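Only one chain is included here, represented as structure tokens and corresponding to the form predicted on its own.
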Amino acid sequence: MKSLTLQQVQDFLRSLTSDYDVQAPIALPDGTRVLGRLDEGPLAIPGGRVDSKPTSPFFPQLDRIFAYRRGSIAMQQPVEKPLLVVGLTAEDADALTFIDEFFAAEYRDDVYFNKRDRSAVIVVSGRCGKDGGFLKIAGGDCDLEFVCDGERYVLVPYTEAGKRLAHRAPEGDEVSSIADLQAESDALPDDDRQVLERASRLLQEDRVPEEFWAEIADRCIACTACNLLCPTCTCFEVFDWTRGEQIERYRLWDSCQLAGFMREASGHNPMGEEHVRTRRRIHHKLAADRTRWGRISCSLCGRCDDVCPSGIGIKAVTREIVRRFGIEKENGPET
């Protein structure tokens, strides 16, 4: 396996722009790190998860579906250059596998796969997180992984696309194993995952009363930041825009925290009460999705907890659920 310096990694990514639409972590003037193209700001590979929705290259906030003009419809076509998305964390890559499955189920969403097909994903992990923290090693769910040992980045390919990319990388030091880094990754605490699993069971067993959701809803200001950053939120609305003789149809991210979410043309709204929408935000990721897809659709990326001004991100709410309602038969009340 090749081992590259940070400068070599950055030069390597720039060399790929002739063949790929490369999107990687860039630093904005205020220090925020978001996914962007390499001409939009300086590269900022180290630093952990980006402060933006990591799945947005494939599911952007605003996306034109088709244009209609004088009896002719022009559907959105596959992108000319395949996307190369760099800088996802292991949690982000896990979330991407979920929305891949979501957009492929029953009806294959061409608008999504116009971007996702032929794309490649590179996860960044190891000793390069925020303030030097250790980022979990994905070990899959991506094409190629840059595993940082604190100074250099080891290129670990998982797919044929990843092998082709690694082959194009410049010559660097050879590394035979990342066993020590993998052991460090395996030793990372999993307290949040255990709490999430226990809260999921409590929701599936219907042990959380409606009064709890009313309490949480009272703290929500409907800023929708949780949905805007969540890598597995997939709700959108559709609207038409007239430009002269042309009509364009777009889809736009929607939020289950907004009062108009699911409002019908008749005016009836099955989710008109705030506590019902708040319950949905948590319940469908931890319980409903687990029933339908066989997995919890929260990857524990932590973005909703970091951004929520009211302290009701998923980690915070699940801890409260377990503390208040998690009475295990064999162990007595939760502490």
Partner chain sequence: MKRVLTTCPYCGVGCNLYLVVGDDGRLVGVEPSVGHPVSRGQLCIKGWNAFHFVNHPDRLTHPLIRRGGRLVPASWDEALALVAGRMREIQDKHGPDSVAVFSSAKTTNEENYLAMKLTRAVFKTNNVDHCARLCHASTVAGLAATFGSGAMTNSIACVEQADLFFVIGSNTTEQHPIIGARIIQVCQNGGKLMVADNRKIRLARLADLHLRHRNGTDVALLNAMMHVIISEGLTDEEFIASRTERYEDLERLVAHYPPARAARITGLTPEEIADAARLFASADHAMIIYAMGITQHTHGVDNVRSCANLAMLTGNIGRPGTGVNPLRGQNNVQGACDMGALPDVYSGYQRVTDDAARAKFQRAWGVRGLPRDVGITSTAAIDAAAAGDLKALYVIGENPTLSHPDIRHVRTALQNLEFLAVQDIFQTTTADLADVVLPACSFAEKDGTFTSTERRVQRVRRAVSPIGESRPDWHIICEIASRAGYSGMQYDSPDAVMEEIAALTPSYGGISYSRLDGPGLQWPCPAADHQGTPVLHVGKFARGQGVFRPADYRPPAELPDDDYPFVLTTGRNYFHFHTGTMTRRSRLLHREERFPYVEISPEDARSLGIRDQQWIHVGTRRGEVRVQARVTDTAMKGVLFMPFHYVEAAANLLTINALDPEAEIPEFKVCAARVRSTP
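Numbering follows the first chain given and starts at 1. All values derive from a computational prediction rather than experimental measurement.
What comes next is about the form predicted together with its partner chain, which does not appear here.
Residue in contact with its partner chain in the predicted bound form (any heavy atom within 4.5 Å), chosen from 28, 300, 44, 296: 28. 223 is the sole member of 75, 105, 223, 187 with a non-hydrogen atom lying within 4.5 angstroms of its partner chain in the predicted bound form. Exactly one of the stretches 159-167, 145-153, 255-263, 87-95 approaches its partner chain in the predicted bound form with heavy atoms within 4.5 Å, and it is 255-263. Among heavy atoms of residue 310, some come within 4.5 Å of its partner chain in the predicted bound form. Within this chain, residue 248 lines the site of its partner chain in the predicted bound form, having a heavy atom no more than 4.5 Å away.
Contact annotation: residue 289 falls outside 4.5 Å of its partner chain in the predicted bound form, judged by heavy atom distances. Among residues of the shown chain, residue 177 is not one whose heavy atoms approach its partner chain to within 4.5 Å in the predicted bound form. Taken together, 62, 239 and 242 are fully in contact with its partner chain in the predicted bound form: each brings a heavy atom within 4.5 Å.
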